[in-house]
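Given next, in structure tokens, is a single chain: the form predicted alone.
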């Protein structure tokens, strides 16, 4: 006998639980979503990012990046962006529309750097002598002495949740008011 479909609230709770798990579990498929921003030339720019924290109460997702990366300038110019998460294990796709803020200094950045810097490999991601995407002739591994860690905070505006199932696909637009069920 099949289970009844989850309630609107249960879907909200489960989505945020999975996002929180993904921020802590390196093997969770939602750990590395695709972030799409508006390029400064009007093009769409997409890349994989690492989810660092998920806060369902605040409706926020947090990512780290190099403050000199093109996505920082793009998000400052046009803070609305999209994230796409896919999990084969869950058979779920999640598309998120969010308003991003960028923080490059202050106590939260200092705390994030302190946590990241305990791993030499992770710290190296933010210590590059050159900005991400800069041309280099030596393989690009030169390290600087100052970190360039920035925190990207995504304030979630909406989530488009899609469940693929042999019993029938389900799709809903999740918002603060509940779930608007859509044709998959």
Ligand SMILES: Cc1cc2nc3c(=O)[nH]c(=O)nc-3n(C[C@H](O)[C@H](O)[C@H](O)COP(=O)(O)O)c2cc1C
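Residue numbers count along the first chain shown, from 1. Please read these numbers as outputs of a predicted model, since none were measured by experiment.
Separately, the form predicted in complex with this ligand exists; it is not shown, and the next lines address it.
**Student:** In the predicted bound form, does each of 48, 65 and 69 have a heavy atom within 4.5 Å of this ligand?
**Tutor:** Yes: each residue has a heavy atom within 4.5 Å of the partner.
**Student:** With the partner left out here, check for me: in the predicted bound form, does some heavy atom of residue 32 sit within 4.5 Å of this ligand?
**Tutor:** The answer is yes: residue 32 has a heavy atom within 4.5 Å of this ligand.
**Student:** This ligand isn't shown here, but in the predicted bound form, which of 153-161, 40-48, 22-30, 113-121 has heavy atoms within 4.5 Å of it?
**Tutor:** Only one stretch passes the 4.5 Å heavy-atom test: 40-48.
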